[in-house]
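Just one chain is shown here, as structure tokens, and it is the form predicted alone.
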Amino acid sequence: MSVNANQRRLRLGVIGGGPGSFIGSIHRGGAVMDGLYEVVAGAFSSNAERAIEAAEALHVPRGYPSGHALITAEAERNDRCDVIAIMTPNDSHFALAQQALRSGFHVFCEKPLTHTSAEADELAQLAKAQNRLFCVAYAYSGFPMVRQARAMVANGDLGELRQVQVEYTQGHLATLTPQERTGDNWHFQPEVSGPSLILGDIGTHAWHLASFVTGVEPSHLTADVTTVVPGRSAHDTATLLTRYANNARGTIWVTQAATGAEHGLSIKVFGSKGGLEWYQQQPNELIYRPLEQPRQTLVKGGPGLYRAANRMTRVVIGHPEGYQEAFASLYRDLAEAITAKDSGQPLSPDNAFPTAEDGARGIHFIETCLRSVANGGQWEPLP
């Protein structure tokens, strides 16, 4: 999708993610990558003075002292924002997204969506009631070869689903961090980050990736969620078994305490006719293992890919695309959906940005895992 003479860029207001924020620069860069958005407003800090200063430093025309002030003021403008992007600490997502939806804005929100499933369900229902689009930042679903995997499963290339395995192994919390010792990192404060650090931070990514690629969610799960680093109060490791309605089985292992690990996100899906493997640290390749045939390595931009993968590809074969481009793909999907909605034109069937419902399912997943732990690892049904 590209901008034409009759189509203006969507106006984006950003809440959180100021200078020095890793995720803020990823969001802003991804949003503008395809020329579909312009960042016109921002509240880039919880400190009012720094929020205004950050807007000036980032050359954003309209700076505001807080996210709530941004939404209130923008709602009254003739040139108001079209989309509000929220990348603040987790405990503020619900109130900001609720205000944005009630004020008539489309929303792009970081995950986990909220602290509770009741809040998440409310946002999903509110988005429908307000007729607004809502994207949740499950960014790994934006990689071209993840879209290829999803299309292959949907097309029946793997046959009936048999097994799903997802791993997400990080090592940056293999020891207690200085900020953790002093209490300066909000991620270790459950009243801010949520009831489980590991499940909210990367567990929901693994859960969504499995559901996104396979097109189905498990019916039941059993979970072991724990802390392996002595002295840590927050969860840093979770191991899950999953069971599907068709008797397929799955595993999810996520940890931020794997000593020496870098990022380690991968998914393997096996069906009655073949299997797929994708590794986020080699994101431009997808391994395909058809039954009783040689292994194939499908390459981003290469031959044999479905349209769903090619529409997410920006540069020619041999030139890598990565994490920021995946964010750009979600912003592109959202922009296309907004344009289709406003024009009354049909939306591409390959448009697949994660919705508020996907975000709510992530919170239900967290609560089901913790319920399983509280019940001694009992198998629990997914709502």
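Everything numeric here is computed off the predicted structure, so don't read it as measured data. Start at 1 with the first residue shown and count on from there.
Below, we refer to the form predicted in complex with a small molecule, which is not included among the displayed structures.
Taken together, the three residues F94, A124 and G362 lack any non-hydrogen atom within 4.5 angstroms of the small molecule in the predicted bound form. Of the heavy atoms in A374, none are within 4.5 Å of the small molecule in the predicted bound form.
Interface residue remark: S46 is counted as part of the site for the small molecule in the predicted bound form, having a heavy atom within 4.5 Å. Within this chain, A137 lines the site of the small molecule in the predicted bound form, having a heavy atom no more than 4.5 Å away.
Among heavy atoms of F353, none comes within 4.5 Å of the small molecule in the predicted bound form. Of the stretches 341 to 349, 354 to 362, 320 to 328, 30 to 38, only 320 to 328 has residues with a heavy atom within 4.5 Å of the small molecule in the predicted bound form.
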